[in-house]
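Next up: just one chain, as structure tokens, the form predicted on its own.
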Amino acid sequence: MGNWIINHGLTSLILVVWMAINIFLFVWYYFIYDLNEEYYYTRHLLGSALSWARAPAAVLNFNCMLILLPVCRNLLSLFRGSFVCCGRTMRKQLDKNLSFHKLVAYTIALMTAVHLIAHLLNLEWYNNSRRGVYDTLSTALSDLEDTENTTYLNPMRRTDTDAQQSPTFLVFTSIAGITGVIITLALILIITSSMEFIRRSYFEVFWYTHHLFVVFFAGLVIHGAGFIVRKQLTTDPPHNYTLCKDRSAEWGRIPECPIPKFGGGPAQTWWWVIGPMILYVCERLLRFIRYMQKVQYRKIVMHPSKVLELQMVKDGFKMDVGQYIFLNCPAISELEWHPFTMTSAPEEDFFSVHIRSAGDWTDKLIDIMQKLPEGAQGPKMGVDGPFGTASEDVFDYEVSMLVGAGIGITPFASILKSIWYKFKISNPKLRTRKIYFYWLCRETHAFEWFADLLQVLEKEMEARGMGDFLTYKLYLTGWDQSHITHVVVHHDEDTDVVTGLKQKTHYGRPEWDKEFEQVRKENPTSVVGTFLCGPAVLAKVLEKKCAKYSDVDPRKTKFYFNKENF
């Protein structure tokens, strides 16, 4: 239990508070519409479907207020800088921004479904009441006209249409109905295109449909102005429903029972979402300003395994280790922005990214770069960022475990380069005294572009008598028989046949229990930061190991798990 609290305590507390607010809003608004006297006549027409429609609407407003905040990356970077004094645990929550974004989105989808079903029932009750299917009071309430002296309760105003078509007619001729349809369709497209398979295989579909959020929010703000759900207004003399509900035939004829008046509103959704919408607009304006700033290519390199390296220069650009940027290439698409972790170090006078062929956009970019004449500048490139990630905190730990899978090595390239520069100038501020580095790859060519950096680090550590500072292990998870034969033949050589490094390549996957046990044994009183840039499956494994091998005793080893999310 103590290990779990170390890695998940604050996250769980935040989720409990968020869930408590959702439950409170649902229950509070449910009872407002279920018990308040001003909704007595409305409840008579609609029954409990009234409360089941309005309570989810309140939860929707709250979560629509939150949904944009986790993707305001400049705001998160500002907070990350502000939380430096608050400790790594608080900053760590900011790295879960996309997970929280998804959780809020699921809640919006669920509450939309409940809200929609309840209103479909409401339309049926309205229609039946308008046509006199129910009791005398329901008919009297539905017959109230919208004139100078009276106001209506039942929005189903027409009776000259087919009984089965009336609800449909109301949906497509009212503000609330039309915007409700638009909002629902936009939400369905956004959610379905956000599935993992779509994001990985058809990123462009995900990107473009996700921008339907503009339509969603526009419809959301207007939706409440339809005033489909109405309440009783105060009149002089007052209409007392307890006295008059059974005397509808005498409404307006006796002073004790004047004709009741009804009204809707005010629309409340915009109160909730206006702030986040303004913040998001500012976010996009800042992206546009950065897009207009000139970016020059310093070097374009094509590595094995279709990995493209871009070294770029931009005035005023400053970065930290492990940060990422968004790139936009108008020659491919003027609207698409794609995230890439930087592989350069802050000490260098340029910034670089390594881009693997992983979809239409990256394939087109690689194709464009390969066709360039030698020494030529590439196409115009828009750069937004840099933005902070979990890897920024790597030097806050005495001991760090860095785990990369495939191209997920990129943030650690930046870290290892920065370490090399820090050793070169004997930086006294470097508090990290040990780094364990693990890289998992499916094919041998993937090691080639990064092996040079490891060779330089290997020699630098030996020259300074710090050979134990960096322990690295490379794992090849895919191979064929010819490769095995080649390895066996050269087994006795001093350097590895795959990478040229002194550390030999391992075959298969790491035995994580063995690795964590070794790290704990070698660092019995340290705080160990475990950093991953890789698949979710591996993240679950490492997260469990961090909890398993952390000791509750503050004097002993503790593992903190951190994962790249962008």
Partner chain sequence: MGKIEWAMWANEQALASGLILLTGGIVAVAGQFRGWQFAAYAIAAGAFVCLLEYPRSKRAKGTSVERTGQYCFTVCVKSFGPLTRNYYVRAFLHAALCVPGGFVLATVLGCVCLGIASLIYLAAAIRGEHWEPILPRKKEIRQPGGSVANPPQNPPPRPPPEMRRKRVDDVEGAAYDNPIPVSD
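In this text, rigid core is short for the largest set of C-alphas that superpose within 1.5 Å between two forms. Quick caveat, the model's predicted, so the values are computed rather than measured. Numbering follows the first chain given and starts at 1.
This next part talks about the form predicted in complex with the partner chain, which is not shown.
**in the predicted bound form, the one of 233, 282, 120, 463 near the partner chain [non-hydrogen atom within 4.5 angstroms]** = Residue within 4.5 Å of the partner: 120.
**Request:** Find the only residue in 71, 198, 109, 302 having a heavy atom within 4.5 Å of the partner chain in the predicted bound form.
**Result:** That would be 198.
**Prompt:** Taking the shortest heavy atom distance, is residue 102 within 4.5 Å of the partner chain in the predicted bound form?
**Reply:** No, residue 102 stays farther than 4.5 Å from the partner chain in the predicted bound form.
**Prompt:** Does the partner chain come within 4.5 Å of any heavy atom of residue 221 in the predicted bound form?
**Reply:** No, residue 221 sits far enough from the partner chain in the predicted bound form that none of its heavy atoms falls within 4.5 Å.
**Message:** Against the partner chain in the predicted bound form, would residue 209 count as a contact residue? Criterion: heavy atoms within 4.5 Å.
**Reply:** Yes, residue 209 is a contact residue.
**Request:** Although the partner chain is absent from this view, report whether residue 77 comes within 4.5 Å of it in the predicted bound form, heavy atoms only.
**Result:** Judged by the heavy-atom cut-off of 4.5 Å, residue 77 is well away from the partner chain in the predicted bound form.
**Prompt:** Is every one of 133, 165 and 360 within 4.5 Å of the partner chain in the predicted bound form, counting heavy atoms?
**Reply:** Looking in the predicted bound form, the three residues 133, 165 and 360 all sit within 4.5 Å of the partner chain (heavy atoms).
**Request:** Counting only non-hydrogen atoms, choose the one of 322 to 330, 340 to 348, 291 to 299, 186 to 194 that falls within 4.5 Å of the partner chain in the predicted bound form.
**Result:** That would be 186 to 194.
**Message:** Using a rigid core superposition, assess whether residue 335 undergoes a CA shift of 2 Å or more between this form and the one not shown.
**Reply:** Yes.
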